[in-house]
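Shown next as structure tokens: one chain only, the form predicted on its own.
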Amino acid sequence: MPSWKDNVDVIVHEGKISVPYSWTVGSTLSRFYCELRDNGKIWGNRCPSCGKVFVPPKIKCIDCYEDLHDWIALPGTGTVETYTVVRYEEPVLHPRKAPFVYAVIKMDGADTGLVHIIGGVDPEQVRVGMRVEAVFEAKREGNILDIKHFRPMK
């Protein structure tokens, strides 16, 4: 017995949806974001067992599983460890118009990398090992984009 599906062409329509939602970042990231917003400072936290410093801060050390309560202020400077140049527009996902640079920045005083935007420089000029400093937004809202970008140090 033939099925009605035998004479139906499959049509594929590609589309994108936006799914706005709210979620709590928890007490550790809340403190991190409040410091960005209220004081324009980047803070990390240190493991009491191995001494590793995390930025963004973590609840537990990923190596020792110790609770992390030792907060330290970082100077806001660091070194580009790796990067990519974004060359296409994706307004829902990207915080900037292309082209722009996403980089992993090893903050001075920390042992982990922070993913953020490199600005104030032509994307083709960004290099691994480049020294950078944080530039904060004038009006901050309590999220990672309170750091406007990192720019090359002079």
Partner chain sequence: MEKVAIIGVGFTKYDRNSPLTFAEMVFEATSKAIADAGISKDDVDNVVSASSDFWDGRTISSMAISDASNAFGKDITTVEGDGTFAALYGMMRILSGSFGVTVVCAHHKGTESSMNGITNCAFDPLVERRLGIDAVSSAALQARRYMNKYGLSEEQFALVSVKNHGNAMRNPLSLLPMEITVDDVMNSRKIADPLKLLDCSPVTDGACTLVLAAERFAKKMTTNKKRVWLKGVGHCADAFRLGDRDLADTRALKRAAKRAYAMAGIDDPRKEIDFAEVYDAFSYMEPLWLEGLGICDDGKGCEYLERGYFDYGGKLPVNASGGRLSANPVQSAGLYAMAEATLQLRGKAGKHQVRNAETALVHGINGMCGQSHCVWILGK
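Throughout, rigid core stands for the largest set of C-alpha atoms superposing within 1.5 Å between the two forms. Residue numbers count along the first chain shown, from 1. Note that the structure is predicted; figures quoted are calculated from it, not measured.
Just so you know, the form predicted together with its partner chain exists too; it's not on screen, but the next bit is about it.
Though the partner is left out of this view, H94 does reach within 4.5 Å of its partner chain in the predicted bound form, counting heavy atoms only. For A138, no non-hydrogen atom is located within 4.5 Å of its partner chain in the predicted bound form, even though that partner is not displayed. Shown alone here, Y65 lies farther than 4.5 Å from its partner chain in the predicted bound form, counting heavy atoms only. Although the partner is absent here, L36 is not a contact residue: none of its heavy atoms lies within 4.5 angstroms of its partner chain in the predicted bound form.
Along 95-122, residues P95, Y102, A103, V104, T112, G113, V115, H116, I117 each place a heavy atom within 4.5 Å of its partner chain in the predicted bound form. Once you line up the core between this form and the one not shown, the Cα of W23 stays within less than 2 Å of where it was.
After superposing the rigid core, the Cα of K139 is displaced by less than 2 Å between this form and the one not shown.
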